[in-house]
Each structure stands twice: as structure tokens, then as C-alpha cells.
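Coming up is one lone chain in C-alpha cells, specifically the form predicted alone.
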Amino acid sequence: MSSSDDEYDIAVVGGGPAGLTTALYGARLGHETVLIDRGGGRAAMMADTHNVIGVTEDTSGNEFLATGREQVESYGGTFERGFVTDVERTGDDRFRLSTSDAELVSERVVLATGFSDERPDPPLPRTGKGLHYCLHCDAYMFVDEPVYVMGHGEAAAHVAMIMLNVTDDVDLLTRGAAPTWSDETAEQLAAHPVDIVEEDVTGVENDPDSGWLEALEFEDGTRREYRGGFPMYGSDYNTALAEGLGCDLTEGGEIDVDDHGRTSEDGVFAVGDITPGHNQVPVAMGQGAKAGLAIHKEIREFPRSREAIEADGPVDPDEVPAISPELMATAVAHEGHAGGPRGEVAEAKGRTPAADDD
């Protein structure tokens, strides 16, 4: 259990859906938790939130993330806006995290730093208004609409064919680059009704009222109508902190983790888009939950092991509960507490609840 303002049980680096969920579990399970986020990220780019049960389509990514931060703080988690420049293991097997203006120490570190999509050269449609990066999130938006896929590699060819599941009007824009997909993929692509457009894009037409894409213009003077599309130029994984700690990476460049987010380095976890798997908000949230539970099982005080009981004796009643006084006060005053938001249960046991808002 932490003993000072800059010492924590769990430090989460990255405030996307995966990091937020890990921090939420850490705080609610009674551990001093800090979430450090520089802002931005793929989730913040979402104009609408898709595929998340209980969250309506009209919720933007920034609104979704802001609500998550408020939840973490409501359970006693600490939120810090900042960029983590370095993480190193200390002599007592904890971790020291450095930001641009602060240092803190933690028992466990969770990396939720995600990746950045490689953007093609302009001219481009507006992100979220015709330029989309998540096929499984946004394909539904373009059912029975004309769409493009931009790129010249294997991923672009396959995404173009996948989009035929929702529309019969798909163009593959290579933008003057020679295709790099395999001969097998070329044969497969030729058997699908996908138009390959080799000319580069020279202009973008948007609806003047909504801002949504209407058409793209090409260097041969042609104009093609589209409602949206997907650039497929790869991803840049933010693994510098993981590599500095010695964590193993996959051949694809992600952080290699087990089913609960454990990396090859003891005490270091990774969740979300920086790990292998589907880049989806619900998947990231599930990964955050599993990592939070795994960390809780590693660092919780009780049950005390048989070895510790033999060495130190049975648990003294004065040692329980293990939750810190600050997190206890937050819990008994929380609206989700069994005693109600005013802490009636705590008062019945002779404890001091958090101060009233009145």
C-alpha cells in the first residue's frame, strides 16, 4: 500500500478505453492508482462511438473518454495530464515513472500507449467525415454507399474485398504507387468486383453543410463519388517505454502479452491497441478489466499466504481492512456504496465518512 502522494500501487500510462478500464478496476479494488494521459489517441478521434453496448452513437470519443476519467476519479483514482518520458525499475523492484514535470513510483506499471495510424499524403477527406481508420467500427455507416480503400499493400486489397460484404461499389485507390500485394492476392482481387484506380487524388469535395465527403478528384480529370473510405498504410506502435523496460515484442511490432496482459517483464502489463488482437473499444475494455483483476490478485494483502502466516503469524484484526483510509472514505461516500452516498454504514461502524457536499 502506498505511503506518499507520489507512490502508487498501480500506474497506468495511457488514457484510452483499455487504460481507463484498468485504472477503474485498480481504484475500485482498493489500490492506490494513478492514470497518466497525454491526451489525444485513436479513441479521441471518434466522431461517434460504435459497437459499445450502453453507449449511444451520438457520443463522441472525447465525451466517452471524459466520462471514463470522471468515473476513475470518483472511485479515488488519480488522473494526471502528462507525457511519460521514461520508466525504469528501481532497486526495490518498483518502477519510477518520469514525466515532463514530475516523478512517481509504483508497484506495477500498465502500458496502454496504443498506436498511431500512418496517414496518407493530402489531399484527404476530413477524419470522421469521410476518412475512417476502423473497418469493423465504421463499415456499417457505408452500407449500400460508394466507398474507397486507399493503399497498395496486402491490407488494402483485403479490406477492399471485405467491404463488398456491405456495398457493391468499392474502389481501391493506389494513388500512383505500384501494388505490393502478392500474386495470390492479385488473382483473388481480380475475381471480385473492385475497381482499381491508379491515378493520384488531386482534390476533395465535401458537402458544404455537413462537411461529409461527396467525391474525390483525380489527376486524370475524373471525379468519383464516395461517402467514405479507409486508408491502409500501416501502424506505428508506441513501444518505446516497453522496449526500455526490456519487454518482448511480436513480429508485428506489438507488445507480447499473455491472456491477462502480463509482459515478459515482471510487474509490467500492457493492454489495448499496443497488444495483438482486434483494435476495438470493447476488446480494449475487456483487456483492461482482465489486467486489473490480475494485478489485484498479485498485490492484494489477503488472503495471507501459508508461508507468510508461518513466518509472521495470523492476521491481526487491527490489520484489516487493507484499503487505505482515503480510499475507504471515498468508497463509503460513493453513490454506489451499500450504505448510500452519505456513508451511513461507516457511521454505524463508528468510522468517519467523507465530508458532505452540503
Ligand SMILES: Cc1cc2nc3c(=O)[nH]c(=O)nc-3n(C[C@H](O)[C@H](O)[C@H](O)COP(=O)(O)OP(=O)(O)OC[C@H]3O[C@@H](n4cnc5c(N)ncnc54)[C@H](O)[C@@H]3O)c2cc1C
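It should be emphasised that the depicted structure is a prediction, and the values quoted were computed from it without experimental measurement. Each residue number is its position in the shown sequence, starting from 1.
Not pictured, yet referred to below: the form predicted in complex with the named molecule.
- Remark: residue 254 does not count among the residues lining the named molecule in the predicted complex, judged by a heavy atom distance of 4.5 Å or less.
- Contact between residue 29 and the named molecule in the predicted complex is not found at the 4.5 Å heavy atom cutoff.
- Mapping the unseen interface onto this chain, residue 67 falls outside it, with no heavy atom inside 4.5 Å of the named molecule in the predicted complex.
- The named molecule in the predicted complex is not approached by residue 292, whose heavy atoms all lie more than 4.5 angstroms from it.
- Only one of 48-56, 328-336, 294-302, 310-318 lies within 4.5 Å of the named molecule in the predicted complex by heavy atoms, and it is 48-56.
- Comment: the named molecule is not present in this chain, but in the predicted complex one of 282, 211, 203, 234 has a heavy atom within 4.5 Å of it, namely 282.
- For the options 261, 114, 77, 130, the one in contact with the named molecule in the predicted complex, meaning a heavy atom within 4.5 Å, is 114.
- No residue in the set 173, 229 and 276 has a non-hydrogen atom no more than 4.5 Å from the named molecule in the predicted complex.
- Along 259-273, a non-hydrogen atom within 4.5 Å of the named molecule in the predicted complex is carried by 271, 272, 273, in order along the sequence.
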